[in-house]
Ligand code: TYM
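The chain that follows stands alone, in the form predicted alone, written as structure tokens.
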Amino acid sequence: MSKPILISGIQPTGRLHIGNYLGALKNFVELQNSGKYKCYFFIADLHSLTESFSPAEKHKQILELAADYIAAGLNPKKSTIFLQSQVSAHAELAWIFETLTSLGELKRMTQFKEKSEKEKERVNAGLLTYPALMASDILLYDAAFVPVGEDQLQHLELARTLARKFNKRFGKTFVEPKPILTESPRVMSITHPKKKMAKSEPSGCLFLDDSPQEIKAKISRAVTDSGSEIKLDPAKKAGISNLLRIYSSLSGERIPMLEKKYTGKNYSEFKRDLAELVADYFSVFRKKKKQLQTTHYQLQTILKSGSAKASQIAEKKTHEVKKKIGIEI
């Protein structure tokens, strides 16, 4: 019996931080190594074009994310690792899905509403049609499962809706994918713990390739709270609660055990231990990434090979779709 297909991707928009790791990449590696799925992991460079960029910067970001994938434990012998833009079927099927999607459905997407409110004068059409491309990313491969964060659940539900719409109108063609949610909580900024950790505020991020010295300095400056009790209380103690969640996610120790462990100890002791934990946890990652970044040829070979493999599957599905809708000659 063949394994169910699983697919997901990350946008190449700069260095990954610990929120990206706990929210996505750590889960990718665990799902790959479970042996339960046929895995496809891609670099979502087409999606990333909705943000401002320079060509040289984008090229660098793509190779850096490829290095992050491999350094974190994704293995091209176990998973198909590819570049979204190198599989033309993604954009082709996205257009077909756009013709099946109402403007109202796209305008209701929470992410579009939030971003269009912030940048009213600079909103591009790609921000609106993003979910149709995401549906294409998933449905091309008959993916049964998609590891996603809660912020992408609405987009995944639209992909399921489009699969049903297409199947009802043109005959059974697409699998309706189900989400696999990461158990890790949302990681907040260490300088503004009521805001999500974001690359746009580097001082609030713990980047995966930060040096031990940088990690120690950032955590020592991390916002805590009045008082000295090390206790989970997101409403009253957002800062220390965020740091406790990070500690628990990396160490595997449950938060009640950590609260007990640090009873009577102060914030500085806790922060020192957390800094050591983070630095040690990513020590192998840092070493591997540094090595990979000196061998761009190796990263390019992995992406080209994975993209060629993904293209064979995607093109087969697009031919089926074209035949179903009457445009295949």
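For every residue, the number given is its place in the sequence shown, counted from 1. If you're wondering where the values come from, they're calculated on a predicted model, not measured in any experiment.
Below: the form predicted in complex with tryptophanyl-5'AMP (TYM), not depicted.
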**Study point:** Heavy atom of each of 15, 72 and 291 within 4.5 Å of tryptophanyl-5'AMP (TYM) in the model of the complex
**Key:** no
Review point. With the partner removed from view, which of 168-176, 75-83, 230-238, 134-142 is the stretch that lies within 4.5 Å of tryptophanyl-5'AMP (TYM) in the model of the complex, judged by heavy atom distances?
Key: 134-142
Practice item. Answer for residue 23 alone: is it within 4.5 Å of tryptophanyl-5'AMP (TYM) in the model of the complex, judged on heavy atom distances? Key: yes
**Study point:** tryptophanyl-5'AMP (TYM) contact at residue 212 in the model of the complex, heavy atom, 4.5 Å
**Key:** no
Check your understanding: Going by a heavy atom distance of 4.5 Å, is residue 278 a contact of tryptophanyl-5'AMP (TYM) in the model of the complex?
Key -> no
Point to revise | Close approach of residue 47 to tryptophanyl-5'AMP (TYM) in the model of the complex, 4.5 Å, heavy atom | key: yes
Check your understanding: Pick from 244, 93, 190, 146: which residue has any heavy atom within 4.5 angstroms of tryptophanyl-5'AMP (TYM) in the model of the complex?
Key -> 146
**Study point:** Listed residue that, although tryptophanyl-5'AMP (TYM) is not shown, lies within 4.5 Å of it in the model of the complex (heavy atoms), from 105, 259, 114, 151
**Key:** 151
Revision key, fill the gap. Contact check, 157-190 vs tryptophanyl-5'AMP (TYM) in the model of the complex, heavy atom within 4.5 Å, ordered by sequence, gives 184, 185, 186, 187
